[in-house]
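Given next, in C-alpha cells, is a single chain: the form predicted alone.
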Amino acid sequence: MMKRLAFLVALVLLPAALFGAARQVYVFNWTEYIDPDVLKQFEAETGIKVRYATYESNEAMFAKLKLVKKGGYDVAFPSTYYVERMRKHGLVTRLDKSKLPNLRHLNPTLMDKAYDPGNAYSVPYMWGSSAIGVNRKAVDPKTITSWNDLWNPRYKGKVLLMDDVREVFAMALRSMGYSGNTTDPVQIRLAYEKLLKLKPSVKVFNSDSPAQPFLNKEVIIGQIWGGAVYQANQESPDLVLVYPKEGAIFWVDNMVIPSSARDVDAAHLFIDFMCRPDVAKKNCEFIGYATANLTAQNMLSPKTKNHKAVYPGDETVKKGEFQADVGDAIRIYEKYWEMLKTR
C-alpha cells in the first residue's frame, strides 16, 4: 500500500518538476550589458534558464518587438525615450510592484520621470554618456575640447561614430548649439548637412563594441559610450574619454516587460533580481556604466566609483543633456540617417 501511495505522489509531482526544470526567461538586451556570472547566479538561485539575445540599437529592439505578437521576450532594456514610445504603441506590460520589493534600492532622482510617470512600466537599470574617445598615443587629449574637433581634417579616415541615429544627431546638434532632442525639421536638416561633411572622415560606425576599433588601431578619435572606455581600460589605458564643452549626451536604460512576454512572473523575478544591490554592484563593476541602484553605488569599488567614464561628476552631467522622446520627429531623423549612411 505504501509503495502504491509513493508511486501516486511521484506521478503528481513529476509534471511540476518537469515544468520547473523547463521554465525559461527570455531576455533581450544590449551587447555586453550584464555580467555573465549574474545570469548564471540567477539560474542557480531560481532554477529558471536564461535565454539571452542582444541588439545594437533601440531602433532594432523596437522593430523586433513590434513584429512579435506573442511568445516573445520577457524582459527588454530600452532607453528612456523608447520606453515612452513603446508605451504609446502598447508594447509594454504594466508592472506589479508587489513583485518588485528591491525597487526600494533605486536612486529616486531617476524615478517617476515624464516618460513613465510612477514607473508604471519601467525600472531604471543603468545610466551613462556618450562623449569623445581619444587614443592618447595618437592624439593629445588636452587638445580636444569640443564635438567640433571631430571635423578636424587631420583625423580624416580615423574617426568613429556610433551606429545610432539619436546619438549621432544629438552630437551634431550639440556641436551647433541646438538641443539633441530638437523636433525642429530645419535644425535636424542642418545637423544632417554638417554630418555629410564629416562622413569622409568616418572610418566606421559602431555602437555595439565601439572600443574595439580603437584597440585595433583603426581609429584614433570618435564618439563613444563612457562604459566602453571603462571596459577598454581593463586592457589598455590609452583610450581616454573627453567630455566636450558643449555637453555630453546622457541616457538612462530601463528594464521593461514586453506585451508579448511568455512568462510575466519570471520576468518580474528577473527584474527584481537585477535590482538587488549585490547583483547591481556586480553588473556596474563589470560593464562600467553607472548603476541606477543607490545602495549598490555606495558599495562600489573605488576603481569603478572614481572612474570619470562611469561617474563624470555633477557639473559634467548638468552641462550635458539627457535624451528624450522626439515624437513623430523621429521619422525625420530616420530619413536623414538613412540618407547619411547610404551617401
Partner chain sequence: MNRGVFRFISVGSTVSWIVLFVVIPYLFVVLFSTVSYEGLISGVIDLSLDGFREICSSVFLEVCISSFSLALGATVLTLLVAYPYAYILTRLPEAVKRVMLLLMIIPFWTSSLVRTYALIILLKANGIVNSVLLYAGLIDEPLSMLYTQWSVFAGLVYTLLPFMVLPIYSSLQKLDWRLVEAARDLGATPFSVFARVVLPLTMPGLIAGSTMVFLPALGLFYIPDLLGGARSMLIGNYIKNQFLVAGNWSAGSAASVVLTLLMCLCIYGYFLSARKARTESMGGMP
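The model shown is predicted, which means the values in this text are computed figures rather than measured ones. Positions refer to the first chain, counted from 1.
There is another form of the same protein, the form predicted together with its partner chain; it is not shown, and what comes next is about it.
Taking the partner as it appears in the predicted complex, which of 210-218, 249-257, 90-98, 140-148 has residues with heavy atoms within 4.5 Å of its partner chain? Answer to the contact question: 210-218.
Considering non-hydrogen atoms and a 4.5 Å limit, which listed residue (261, 132, 202, 271) is close to its partner chain in the predicted complex? After the contact test, the surviving option is 202.
So which of 165, 188, 240, 232 reaches within 4.5 angstroms of its partner chain in the predicted complex, heavy atom to heavy atom? For this set of options, the contacting one is 165.
Could you tell me if residue 56 has a non-hydrogen atom within 4.5 Å of its partner chain in the predicted complex? Residue 56 lies outside the contact set for its partner chain.
Would you classify residue 23 as touching its partner chain in the predicted complex, given a 4.5 Å non-hydrogen atom cut-off? Close contact is absent here: in the predicted complex, residue 23 is far from its partner chain, nothing within 4.5 Å, heavy atoms only.
Is residue 335 one of the residues lying within 4.5 Å of its partner chain in the predicted complex, judged by heavy atom distances? Judged by the heavy-atom cut-off of 4.5 Å, residue 335 is in contact with its partner chain in the predicted complex.
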